[in-house]
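Okay, here we've got a single chain as structure tokens, the form predicted alone, with questions on binding and movement later.
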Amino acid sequence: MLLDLLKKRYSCRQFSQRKIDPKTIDYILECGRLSPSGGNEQPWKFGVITDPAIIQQIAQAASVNVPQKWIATAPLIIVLCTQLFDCANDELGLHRFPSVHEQLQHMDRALYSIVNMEEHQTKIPGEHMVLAALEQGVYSTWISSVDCEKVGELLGLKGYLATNVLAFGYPEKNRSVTSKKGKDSILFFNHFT
């Protein structure tokens, strides 16, 4: 079943006007809630945005480098947010990359916290939501080019960082899936060659 879903998944940028049923939204969120996290901290909040005016503002925040007006047509936006905390004692992060341990140790703590939290805490629940939605016939797109600080201000976040934005909806029309690299070009076994 999972492989079948992955084979039909694509980033949808043309949504129909069809609303997403609240039970489907709840299912998507539940799949995100059950995601694993480092140390089982679950340091996230999921902003569920269905108000067209707020979705329009998020679309504007995502049009920093490239116009992304299509976002405003999504009936559902989920903003993945992660809790900010002082990473001063984050030994795990410092030990992951020993060659830059010294630089990381002396890095501005606020910057380190943002980079450290954004890097890993919301990607898994986001992908669980994407797959749960697809299982229900709802397509999605990860929105990478977005002013996360502006989105955080728009939503009134305090103590949390907006790290990722996902747009969900039923496709206006189905399109073909983009090809993926073959296994031979992405795998190595036991030693990089």
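What you see is a predicted model; the values in this text were computed from it and never measured. Each residue number is its position in the shown sequence, starting from 1.
Below, we turn to the form predicted together with a small molecule, even though it does not appear here.
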Tell me, which of F46, Y160, Y27, W142 has a heavy atom within 4.5 angstroms of the small molecule in the model of the complex?
W142
Contact test, all of K19, T73 and K150, partner the small molecule in the model of the complex, heavy atom 4.5 Å:
no
Taking heavy atoms only, is Q68 within 4.5 angstroms of the small molecule in the model of the complex?
yes
Residue contact check: S185 to the small molecule in the model of the complex, 4.5 Å heavy atom:
no
Quick one: is Y170 in contact with the small molecule in the model of the complex, heavy atoms, 4.5 Å cut-off?
no
If you check in the model of the complex, is K180 within 4.5 Å of the small molecule, heavy atoms only?
yes
